[in-house]
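Below you will find one chain, with nothing else, as structure tokens; this is the form predicted alone, and questions on how it binds or moves follow later.
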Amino acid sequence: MSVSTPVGSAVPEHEGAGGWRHRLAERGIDRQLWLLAPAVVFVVLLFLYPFFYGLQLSFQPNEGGPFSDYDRFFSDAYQRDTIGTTLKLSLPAALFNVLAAVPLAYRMRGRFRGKRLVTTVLVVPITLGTVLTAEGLLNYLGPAGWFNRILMDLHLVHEPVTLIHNYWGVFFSLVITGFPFAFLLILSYLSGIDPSLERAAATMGAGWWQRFRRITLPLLTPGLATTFCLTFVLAFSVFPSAILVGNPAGSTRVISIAAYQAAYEQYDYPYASAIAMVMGLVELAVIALVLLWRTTLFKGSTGGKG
């Protein structure tokens, strides 16, 4: 004989908890996701809150309407040109880092003697930091540095070559600090591509270039796009290099310097926030273009973590 449960009777506590977990599991949520809570709090406090605070502050100028600081920035050629200056530094530096890292990472993904040593040598510059890198460039590429002394001793030049306190000083700094980062990322993507795909193509008579162009490169495209975006963001936010080995009042006056001067020299925080928002908007525009390019080229799956 079956016993019916009266309507409205309480469900046992353990059954209610089990049903709650079951309903969450059906939606793809389990208790392990609570481990993400500290990371979410960290992102909110360290990134989202400052961003939205700066965004609303940029619409509260000291004078004029809510968009007056943006109009002030774009109407001033000295300020507006910092966008072009920053792009002229960050885009070539990011592109060079990615293109230089691809052949090295492609060669390094195999096993050979001394691989760990070579990898260490290539990655060491990332540990130096921007200030030490700038100091090294001043010592080696300065008018009295080793590079110029060697050129003059070999009678290749009659006067020191100017490679610091200009565009090239900042560019070299971005390459030195950004290349190890790009190399490690691309190496990880290449390691995730199944090597049996290339071996199968080789058995069908495909040469090295054909295998790379038709198999490896299309599968590597998502990694190249991601690596370029990350290295571009690092290069676009250049600040110490532009001051230490560049010309912060002239050829290397980047947009981060304009924001710094507005905030800590003029103490105009709404204007500085507006410049920072413009900086972020330009970065997002470039990233969107790169990701759009990625979708037009990449079709398929890498078959691995790449």
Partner chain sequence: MAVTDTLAGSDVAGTADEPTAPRGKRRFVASPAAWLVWGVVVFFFVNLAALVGSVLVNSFARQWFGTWLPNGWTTKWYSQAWDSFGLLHVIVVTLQVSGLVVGISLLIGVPASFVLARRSFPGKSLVFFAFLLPIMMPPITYGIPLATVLYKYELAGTMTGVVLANLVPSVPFVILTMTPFVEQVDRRIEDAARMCGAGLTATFTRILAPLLLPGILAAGILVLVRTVAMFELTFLTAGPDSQTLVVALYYSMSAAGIRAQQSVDAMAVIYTSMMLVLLVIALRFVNPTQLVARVKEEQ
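Positions refer to the first chain, counted from 1. This is a predicted model, so every value here is computed, not measured. Each form is matched to the other, and the largest set of C-alpha atoms that superpose within 1.5 Å is called the rigid core.
What comes next is about the form predicted in complex with its partner chain, which does not appear here.
* **Listed range touching its partner chain, judged in the predicted bound form by heavy atoms within 4.5 Å, from 87 to 95, 69 to 77, 155 to 163, 100 to 108** => That would be stretch 100 to 108.
* To do: Spell out, yes or no, whether the shortest heavy atom distance between Tyr167 and its partner chain in the predicted bound form is within 4.5 Å.
  => No, Tyr167 stays farther than 4.5 Å from its partner chain in the predicted bound form.
* Would you please decide whether Gly192 lies within 4.5 angstroms of its partner chain in the predicted bound form, comparing each non-hydrogen atom pair? => Gly192: contacts its partner chain in the predicted bound form.
* For Phe212, is any heavy atom within 4.5 Å of its partner chain in the predicted bound form, or not? -> Taking the distances in the predicted bound form, the answer for Phe212 is no, it never comes within 4.5 Å of its partner chain.
* Would Pro222 count as touching its partner chain in the predicted bound form under a 4.5 Å heavy atom rule? -> Outside the cut-off, so no.
* Going by its partner chain in the predicted bound form, which residues of 197 to 226 come within 4.5 Å of it through any heavy atom? -> Read in sequence order, the residues that approach its partner chain (within 4.5 Å, in the predicted bound form) are Glu198, Arg199, Ala202, Ala206, Gly207, Trp208, Arg211.
* Taking the rigid core as reference, does Ala249 move its C-alpha 2 Å or further between this form and the one not shown? -> Superposed on the core, Ala249 moves its C-alpha less than 2 Å between this form and the one not shown.
* Does Ala39 move its CA by 2 angstroms or more between this form and the one not shown when the core is aligned? -> The answer is yes; the displacement is at least 2 Å.
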